[in-house]
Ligand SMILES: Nc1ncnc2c1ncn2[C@@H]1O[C@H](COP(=O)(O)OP(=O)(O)O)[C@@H](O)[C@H]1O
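One chain comes next, on its own, written out as C-alpha cells in the form predicted on its own.
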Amino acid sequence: MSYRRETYDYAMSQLEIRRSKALSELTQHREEVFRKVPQLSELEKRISSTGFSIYRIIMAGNDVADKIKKLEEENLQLNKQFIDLLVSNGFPSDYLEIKYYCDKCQDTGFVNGQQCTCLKDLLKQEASRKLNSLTPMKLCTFDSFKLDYYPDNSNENGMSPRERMRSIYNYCKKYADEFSLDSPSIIMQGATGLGKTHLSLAIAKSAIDLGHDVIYGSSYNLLNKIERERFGRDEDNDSYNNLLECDLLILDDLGTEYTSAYISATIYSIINTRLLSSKPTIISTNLSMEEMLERYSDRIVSRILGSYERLVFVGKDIRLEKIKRNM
C-alpha cells in the first residue's frame, strides 16, 4: 500500500522510540545488576574475551579445532555460572536480555527486507487516526444513548419504538463487546435523528479500545476524498486502500454522496472486496430498500441484502425531542 511520507515518518519515529526504550531499559538493568552483584561484571568480561581468544588460536595455527572446542566448553560453563549467580540474587534469568516490542524485527520495522507486521500496523493506525481526526467519537458512547427519547406506545405489531430500539441497542452493545474480524457486517436503516450515527460511533470506539483498526466517515466525505485522490486533486493517495484493509469500516449516511459511474463502481468495489476478504463493514443510511434500489445498481443492493445484518431504526427524531425537553 502507498502512504504519504509523513505517515511513514511517524511510523518509523514510533519504532525508534520503541528501540530507544528497549535499550534504555537494558542499560538500567545492567547498571542495577552490576552494582548489586559486582562478580557478574567480572564474569561478563571473561565471557566477552572469548572472541579475542578464538582469534589468537586461529592465528597460532596449532590444534585449532580442539582448542576452540575446549574454549567453547569453558564459555558454556561461564555462561551457566553467570545465569546461576544472576538468579540466586533474585533476578530473572533473562533480566539482561534486551526486550524488544517486536521480536520478529527487533523494532526495525523490516524482516528480510520486507515490512514487518508491526510497521504495517503502525501505518494503518496512523492513516486511520488522520481519517478519524474530525469524528466526534468520544461524544458517542453506549452509556450516553438514552432509550427514553423513543415513544413507549405499542404499534400495530404490539412492539413500541422503545422496545425495538432497546433490542437494537442490546444487539449493538453485544456486537461491540465481542467485536472481532469474524463479526458480521451491518446495515442500519431509518429516518434522520434516530441514533444510527450514535450507535455506530459507539461501536467504533469500543472496537478501537479493543485494539482494532477502525475507519469511520460519512459516505459523502470518504468517497469524495477517494475521488479527489484518484484524479489528482488531493496529495493523499492512500484512503481507498485504507478503507479496503481496515479491521472495521463504518460508512455513515450512505446516499448523501454524489452520484456518478465512478462513485457507484467504488461503492461496489469497497463492499464486495471487504466481503470477499471477510472484513466487517457497518453502513448507515436514511434510504429505504426501495430508495436504495432506485439509487444503486442491483449488484450493490443484492450484496448488502444477502450478506449484511439489517437493523431498522424506528421512532421520532430524538434530536428534536431533546430540544423540546430543554425548552
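The numbering used is simple: start at 1 and walk along the sequence shown. Predicted model only: the values in this text are computed from it and were never measured.
There is another form of the same protein, the form predicted in complex with the ligand; it is not shown, and what comes next is about it.
Across the options 240-248, 173-181, 191-199, 73-81, residues that bring heavy atoms within 4.5 Å of the ligand in the model of the complex belong to 191-199. At least one heavy atom of Arg319 is located within 4.5 Å of the ligand in the model of the complex.
Proximity of Lys146 to the ligand in the model of the complex: non-hydrogen atoms within 4.5 Å are present. The closest heavy atom approach of Cys102 to the ligand in the model of the complex falls outside 4.5 Å.
The ligand in the model of the complex comes within 4.5 Å of a heavy atom belonging to Cys140.
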